[in-house]
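Starting off, we have a lone chain in the form predicted alone, written out as structure tokens.
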Amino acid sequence: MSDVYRIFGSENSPYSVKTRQYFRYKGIPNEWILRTGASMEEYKKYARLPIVPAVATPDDEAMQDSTPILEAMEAKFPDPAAQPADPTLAFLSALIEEFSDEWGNKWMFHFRWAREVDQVSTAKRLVGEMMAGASEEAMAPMVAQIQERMVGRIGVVGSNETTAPIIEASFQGGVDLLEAHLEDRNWLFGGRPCFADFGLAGQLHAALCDPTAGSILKQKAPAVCAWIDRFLEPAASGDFETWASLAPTLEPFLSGPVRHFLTWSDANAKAIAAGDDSLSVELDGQTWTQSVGGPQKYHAKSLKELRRKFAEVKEVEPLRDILAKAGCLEWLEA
């Protein structure tokens, strides 16, 4: 029996690339398989949902959803560690990874489909991946079809006329904070990558590939761009740092974008529980308003899982102090 894991994914999917780069860092034998027409039948054998990545294990079992995949692999392949041993840092890494999947994806998805130039660029890359070798003329109908379909789905991440300025300001501010944090270190928590890196770099790698978000990153964030480059060939250069050395530049990221994510996520969960059709929540004086339903139900499950993880370490005083200072504690204890 082969010991190789097969990863069905897309170069344009942040979750696919996140998973692939984790496997590569860990040295887990794997085969990267683009989800194309040629591989679709086999992909469907393992995909419970029509999303990527889907992983086929050496035992021919299926895994989907990037975070549970990483957690399962970390338990099976503990070396090299991709999470700090310190429970405080380990939870903060998990929190930033969840932020990346849920709020960082809002950054990426909004910029990818809000403007014509990004819509066309992304649709062409997606079709080029699925129809490798085809002429532009042959691909043109599918490019137009994907562009129309995805632009119609931009609301699923909460992007609309009201929230667009909030999303773009959050992206710009978040990138500025990451630039300061990564100026003198290779990875978010020090000398080696962890779950937070794979989650957030996956989203920003996708953003870097797009015209508008990519231009912002290249113009204002050279350290972030260098970090994304390292993510494509992940390797340890040292140990994880202590919170004392991380705090000056990582705490502002927690008290800014991560706090906004948790504030929104709590409001979303409450709206779903109440059966509301929409939600409205204040984020530092700006009103975020969007419809509720569809993927938002997954976000509520995500928050529930994050709170479960916090409950396991809620008595760790240094962690409580950090989260309280950042304005995150109340949302995790709710």
Ligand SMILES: N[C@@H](CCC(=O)N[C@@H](CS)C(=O)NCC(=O)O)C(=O)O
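Since we're looking at a predicted model, the values are computed, not measured. Numbering starts at 1 and runs along the sequence shown.
The discussion below concerns the form predicted in complex with the ligand, not included here.
Taking the partner from the other structure, the ligand in the predicted complex has a heavy atom within 4.5 Å of a heavy atom of I51. Among heavy atoms of S13, some come within 4.5 Å of the ligand in the predicted complex. Looking at D65, you'd find a heavy atom of it within 4.5 angstroms of the ligand in the predicted complex. With the ligand omitted here, the record of contacts in the predicted complex names 52 to 60 of 22 to 30, 271 to 279, 52 to 60, 285 to 293, defined by a heavy atom within 4.5 Å. Shown without its partner, the chain has no residue in segment 122 to 155 with a non-hydrogen atom within 4.5 angstroms of the ligand in the predicted complex.
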